[in-house]
Every structure is written in structure tokens, then in C-alpha cells.
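Just one chain follows, in the form predicted alone, and it is written as C-alpha cells.
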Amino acid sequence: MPVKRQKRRIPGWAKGAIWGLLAVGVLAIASYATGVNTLTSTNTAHTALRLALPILLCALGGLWAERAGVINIGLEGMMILGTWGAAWGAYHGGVWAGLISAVVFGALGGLLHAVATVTFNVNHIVSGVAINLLGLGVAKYLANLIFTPLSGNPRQSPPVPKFDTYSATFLSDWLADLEKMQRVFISDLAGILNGLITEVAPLTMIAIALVPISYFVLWRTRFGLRLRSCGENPVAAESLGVNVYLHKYVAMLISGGLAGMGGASLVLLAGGADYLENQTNNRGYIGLAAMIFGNWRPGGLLGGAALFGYADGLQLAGGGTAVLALLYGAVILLAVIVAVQLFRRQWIAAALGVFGAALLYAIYWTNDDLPSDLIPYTAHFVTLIVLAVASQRLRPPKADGALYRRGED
């Protein structure tokens, strides 16, 4: 009997590249249809990259925790600890000391969450909320104690050094020339690529490299397989000789360290402020949302973080006019997503997509400009609609958030 050949699936990286090119195409069409070049300018892409980094790092932190079965609502608090640690370390020892200090402070938050949830079986949500409140309180106390004599202000640090930046000058100049030609898609792609390779800091390179590294460790190593088994079925993992407690603790230390590194990116990258009270602005929660929309996968959360970062960068670079043009682009993108969902026979997702596209187009059609108070929220609102329609087959780890005691079924 002939063996039926399996259909060859498209690799994940190829799917990501296709969706990336499709997004650039949609933005190119929206840019030329609305006359708003900011959508694909070098400045927008550069700002978006800087603002996406803390979200990306927090999302990676959430991925490590939840793949081990621990819900980490406390990412925001660990990130706040990281911002304070980055400023303190950088002021006394330079940028690399600041980065290490941020990772250590974030990891301490992760360790505290692990003690509460893994050892004492505290509800993960309750512990996470407590970590957020504790991180905010500890950072305020330490800032008042240590930064006030240096800066004269308990809500901010003294000026701290920033990471040096590097550019691929020859390639950057060539892309800048392409962008000036104003050719559909080619100039738009050149503008976005130029923003991604101009004035890049080492911390940026490390953060992006952590995405494939996390994938390799979690999905291609024995340690990663054991860690993920703790998030799927810890009792079965224990029966096979896996030290569940140890793997959960290691995952939480890495999770907190990554969130702390996200805080460091707000303090140590050029263009960002020094330590400021409440400067995380709920990015820890956005990182958690990016991880969920990314279906608990490194590639997916990279796309989610890029969308949220782009929304932030666009409203900073272009204001209300650019955000309004983004609505036009979102309508086109939703039309494509609806077609894909219809092909997959996902009727509810397709219906939601049609409703979302109609709503966004009505807002675009009836407004010449958006109120300044609504601009920051509008960009995120648009991103949420697009991600909600695109992500309909979410699958969290089966034992995510489940209480576990060694030796009990």
C-alpha cells in the first residue's frame, strides 16, 4: 500500500517573513493613499524599535515563566525594579553595570514570586499583583533614599550614561537614497529597514538575539523539554525524574531577569529618560498581552511586541494624523486577515474582523484629526483589534497556573 506523503508545512520563520512583508505592503498602500509618509519613515521605525524592546523582553520573561507553569502577572513590578537597578548600577559603574544590576533586581522579583507560588502554593494572580505593588513601593523607597541626595528629586535619578549606538553606514546611506525615491513598497521597505539598522545599541542586539536563543533552549534542548513538561503536566514530569521545583525556580529567575532587562532598556538606551517614577507605564502588562497574542511562542510574541511598539512609535513620531492613517492601514490588513480566516473556516474570527474593519473605517471617515488625549490609546486599540482577529487558536500550557506539590497527584 503506498504511503501517503505528508504535506510539507511552511516553517515558522517563513510565515513570519511573509506576514512581515504583507504588513509593509499594507503600510505602503496606506501611506500613499493617505499621503502620510510617516507610516514607513526611518524615524518611525527607529522609535518603534526602541519602544518595542521593553515589551519584547517582558513578553519573553512571561514566556519562560508560563512555559514552566507559573503565571507571571508580576512582570510590571519586576520591570520597575529593573529601571531602578539600571539607574543605580549605571550611575556607579557604567552602562554594563547598570544592565547587570537591572537583571539582578528583576531576578530578585522573580525569585520572590517563585517562593510564593512554587514553595508556598500562593495563588499566582494574587502573588503577581503583590509583586507589582511591592516593586513600585520598593523602587519609590530606594529612589527617595539614594537618588534624592544626588538629584534633589525623589522621583528621578541623576543623569546616567547611555549605551553607545552603531550604524551600518554604507547600507544606511543606500537605504536612505532608496527611501527618497518615493517608489511604492521599495521606498517604504527601505525606510523601515533603515530605521532598524541605524543607531543600534548593543542592548538592542542582545534583546533581539534572545528571541531565537529562547526558542532554541526551550524547544531544542533537554533542559527546555523538561522545563516545558513542568508547564504541561508536572506530575508526569516528576514521575520521569524531572525536578519540577528546580525548573520552575530557574524559569522564574530568568523571567524576572528578562523583565528587569526590559526596565533597563527604558533607562540605558539613547533617547530614553533616566530613571523616572512610573516610567514603565504598564508596559509589563502589554508584554504579557503580546505573549498571549503570540500564542506562547517566541516568534508570535516578537510580532505582538513589534505591533505594540510600532503603535507607540507612530503616535510619537507622527501624532494624530499618522494614527488616523494607521486606521486606514488597519482596515486593509483586517480585510486580508478576514480572507485568511474564511479560508480556514474560522467564521467567528472572520465576523469579528468584518465588524472591526467597519468600526475603524467609520472612525477614519468621520474624523479629520484625533483628539490629542485619545492618540496614545487609539494606537493600542487598533493593535488589539488586529491581534484579536488574527489570533484565534491560542493554546496555553495545560498546567499554567495550576498548584503543584511534590508527590501529590
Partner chain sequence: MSSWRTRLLPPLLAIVFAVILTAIALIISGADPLQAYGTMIGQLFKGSTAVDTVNLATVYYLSGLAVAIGFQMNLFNIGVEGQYRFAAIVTAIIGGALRLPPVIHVIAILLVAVASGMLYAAIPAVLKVTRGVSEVISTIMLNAIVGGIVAFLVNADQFGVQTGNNIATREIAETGRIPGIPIGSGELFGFVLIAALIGAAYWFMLNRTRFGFELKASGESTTAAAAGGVNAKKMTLIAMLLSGGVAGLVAMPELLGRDFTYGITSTQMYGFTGIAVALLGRNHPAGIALGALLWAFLDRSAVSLEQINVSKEIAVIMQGVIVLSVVIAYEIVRRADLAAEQRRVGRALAGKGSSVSEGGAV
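Every value quoted in this text rests on a predicted model; they were computed, and no experiment measured them. Positions refer to the first chain, counted from 1.
The discussion below concerns the form predicted in complex with the partner chain, not included here.
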{"query": "Listed range touching the partner chain, judged in the predicted complex by heavy atoms within 4.5 Å, from 217-225, 81-89, 193-201, 137-145", "finding": "137-145"}
{"query": "4.5 angstroms heavy atom contact with the partner chain in the predicted complex for F381", "finding": "yes"}
{"query": "Interface membership of P371, the partner chain in the predicted complex, 4.5 Å heavy atom rule", "finding": "yes"}
{"query": "Contact of V129 with the partner chain in the predicted complex (heavy atom, 4.5 Å)", "finding": "yes"}
{"query": "The partner chain contact in the predicted complex: I292, any heavy atom under 4.5 Å", "finding": "yes"}
{"query": "Of A306, L189, L112, V242, the one that lies within 4.5 Å of the partner chain in the predicted complex (heavy atoms)", "finding": "L112"}
{"query": "The unique member of Q182, N153, N282, T169 whose heavy atoms fall within 4.5 Å of the partner chain in the predicted complex", "finding": "N282"}
{"query": "Contact at I73, V122 and V389 by the partner chain in the predicted complex, all three, heavy atom at most 4.5 Å", "finding": "yes"}
